[in-house]
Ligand SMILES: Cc1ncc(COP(=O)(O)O)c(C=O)c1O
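Given as structure tokens, the chain that follows is alone and in the form predicted alone.
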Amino acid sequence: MRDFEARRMKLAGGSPTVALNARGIRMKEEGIDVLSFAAGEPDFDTPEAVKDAAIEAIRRNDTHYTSAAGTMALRRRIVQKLREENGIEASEDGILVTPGAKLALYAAMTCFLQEGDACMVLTPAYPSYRSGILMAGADYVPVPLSFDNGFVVTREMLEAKVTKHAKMLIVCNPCNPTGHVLTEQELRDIADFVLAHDLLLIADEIYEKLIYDGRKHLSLGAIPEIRDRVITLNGLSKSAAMTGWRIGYSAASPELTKVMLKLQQNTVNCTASFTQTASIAALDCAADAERMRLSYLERRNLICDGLNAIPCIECPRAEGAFYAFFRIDCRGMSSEQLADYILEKAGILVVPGTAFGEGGEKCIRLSFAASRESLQEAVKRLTALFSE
């Protein structure tokens, strides 16, 4: 039988972080002593108010199709949230509620990229950016940032990688995996670059609630000059511990959203109705989000202090999100070799930095959305391993 897989799917490949998390689950099921820090998932329960809202919605038979774009009640609440918290002026017609923010990301890439286009990505970056670009038939153009200067982006870096085929730029703020939070100057450089080259901009803000040390989250979609060319992505997986609920959204101009709506109408139709109802409650759970943030801050300090005490490891304190992205200088090993070595010798599952593209060489990503006990044990094992 012939090979039926489309070429673009061969190029895209699977998700390395999802695969590694599945590997950790499988090892635990087999009784292997492994500490898994591969998944980007909160270890908190969904807030009670959110669960109650979903149960009540189901009991009143709120279990049918909604508008493909999402319920008006939820879209209005998102518009309010964007205006009050992000300074983004959106309308209900510019909101698309999706089963997870990843689908909103895929919709944006599929609807606006095609063969011959190029999409630029600040790297290290979430691996699904690259996969989605290739599945859309476009060319993936990494813009490598540097560990040594804290992964700061400049106009010069962007200009060095732009081509005449460039159509889109993807930015994650705060960044998965590096934890970098963009400054006002970086946002200005990005905005000026996008305007100069007439690009669409995808702003992934899924980690916006997780920022540390007095920093402030600034939204690219709030910059007046570029607001009509920005597609802001967000969701409730990280801020409300709702990964399994699959709830995300995009905010853009009504013209751009109308195009993305075509994909939703012809694929999933709509997001689960009762999940949308619960999401309104989730957007009102600021106290729960802050409680999680403070806990992550404590764990960040624990893991960074522990790793930095190991002579061959350099671990900057994440400015946002919940990942330690650290560099190991050990025996000339590559990022992949280091991850395999750590798993084999210490029973710790982590993600090699190169899974996130250029700029991740000799780096490791470890999610500190884990218990204090497991983080302390990880530090203990890594200290023993790299002290040999």
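Note that residue numbering follows the sequence shown and begins at 1. Quantities reported herein were computed from a predicted structural model and do not represent experimental measurements.
Another form exists, predicted together with this ligand; not displayed. Remarks below refer to it.
Peer 1: Would you classify residue 77 as touching this ligand in the predicted complex, given a 4.5 Å non-hydrogen atom cut-off?
Peer 2: Although this ligand is absent here, residue 77 would stay clear of it in the predicted complex, with no heavy atoms inside 4.5 Å.
Peer 1: Is there a heavy atom of residue 292 no more than 4.5 Å from a heavy atom of this ligand in the predicted complex?
Peer 2: Contact with this ligand, no.
Peer 1: Looking in the predicted complex, any heavy atom of residue 176 within 4.5 Å of this ligand?
Peer 2: Yes.
Peer 1: So, residue 317 and this ligand: in the predicted complex, are they within 4.5 Å at any heavy atom pair?
Peer 2: No.
Peer 1: Counting only heavy atoms and a 4.5 Å cutoff, which of 245 to 253, 77 to 85, 302 to 310, 189 to 197 contacts this ligand in the predicted complex?
Peer 2: In the other structure, the partner sits against 245 to 253.
Peer 1: Within 4.5 Å of this ligand in the predicted complex: all of 123, 153 and 180, by heavy atom?
Peer 2: No: none of 123, 153 and 180 comes within 4.5 Å of this ligand in the predicted complex.
Peer 1: Check each of 257, 277, 237, 219 and return the one that places a heavy atom within 4.5 angstroms of this ligand in the predicted complex.
Peer 2: None of the other options qualify; the answer is 237.
Peer 1: Go through 95, 285, 134, 172 and name the one with a heavy atom inside 4.5 Å of this ligand in the predicted complex.
Peer 2: Contact check passes for 172.
Peer 1: Out of 85 to 120, which residues reach within 4.5 Å of this ligand in the predicted complex, heavy atoms considered?
Peer 2: 100, 101, 102 sit within 4.5 Å of the partner.
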